[in-house]
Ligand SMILES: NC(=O)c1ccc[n+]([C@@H]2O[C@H](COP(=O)([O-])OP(=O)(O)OC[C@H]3O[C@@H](n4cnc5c(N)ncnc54)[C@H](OP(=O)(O)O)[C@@H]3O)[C@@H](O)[C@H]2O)c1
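One chain is shown next in structure tokens, namely the form predicted on its own.
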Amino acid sequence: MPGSAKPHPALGVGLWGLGRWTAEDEARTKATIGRAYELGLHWFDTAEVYGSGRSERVLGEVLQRAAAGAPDAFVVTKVSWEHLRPAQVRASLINSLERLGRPSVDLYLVHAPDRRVPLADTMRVLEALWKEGKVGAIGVSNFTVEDLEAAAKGLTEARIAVNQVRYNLFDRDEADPVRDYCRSHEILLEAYTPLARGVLHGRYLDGKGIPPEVRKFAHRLFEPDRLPGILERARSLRALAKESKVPLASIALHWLAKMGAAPVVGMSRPEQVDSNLTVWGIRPSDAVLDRADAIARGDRA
């Protein structure tokens, strides 16, 4: 990855929402992180707003117990859209590093723009932190092409290495408009919600209800005007997966890789680490991925 001391891994563990529940949930989260690290899945994605910092603290506690403090972990965290004024950015990073128990992070993202704060001002502080060695690379999240151009104006030596966006077979509204720009500027696309809140893992395709907490954070995926069509296409994708003798999730993840994106998958139980690594290890053919693309777009030809 341009601008980073470490290569960017191909598959990540998303820690959104983890560490904010009961003691039992937190223990399961720690076990999940430990299992991922043990199996070589070293990219961990968190943010200061996840559980009001608790997600960072849980991740830090697990990595600190690993051999030599897990120096080979690829740790990504984010500064909140509420903390983008220059003085706030530095304070946010210092607090995140304290919770993580690390002297630096491999990648530091602007979680989302704040239209009240000039992006160039924010990026100048991030570049200073990069020069100080507290940040291995600078990235952004949920940025449009206009945002990316405005942010780049604040950088003189560093560069934007990553734009993390919502991206999956069914949800392309954020990625499609920026993909060509990112490719031409060597900005890696990270894809969050790569499995469409479980739909592309095969959930909810046989009449099972969608929990309110899943609906709440699903963007427009489960809105009444879209859901029937999405489930219909997801069932067609499942049929394609069965015909091709590959898991549905393998199609979803490797389609993103084919599109030049690195998926970060939410995992909250150790067995999910195993299952996601299994499906990642099975690559469908390009022909299958192309058919999946057509099905997801609703192309019946």
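Counting begins at 1, following the sequence as shown. For clarity, every value in this text was computed on a predicted model and none was experimentally measured.
Unshown form predicted in complex with the ligand; subsequent notes refer to it.
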query	finding
Answer option from 83, 179, 99, 201, heavy atom within 4.5 Å of the ligand in the predicted bound form	201
Contact residue in the predicted bound form, chosen from 187, 125, 195, 158 - any heavy atom within 4.5 Å of the ligand	195
Among 269 to 277, 34 to 42, 236 to 244, 65 to 73, the region lying within 4.5 Å of the ligand in the predicted bound form by heavy atom distance	269 to 277
4.5 Å heavy atom contact, residue 292 and the ligand in the predicted bound form	no
Contact flag, residue 248 vs the ligand in the predicted bound form, heavy atom cut 4.5 Å	no
Heavy atom of residue 92 within 4.5 Å of the ligand in the predicted bound form	no
Contact flag, residue 58 vs the ligand in the predicted bound form, heavy atom cut 4.5 Å	no
Those residues of 133 to 158 which, in the predicted bound form, come within 4.5 Å of the ligand by heavy atom	141, 142
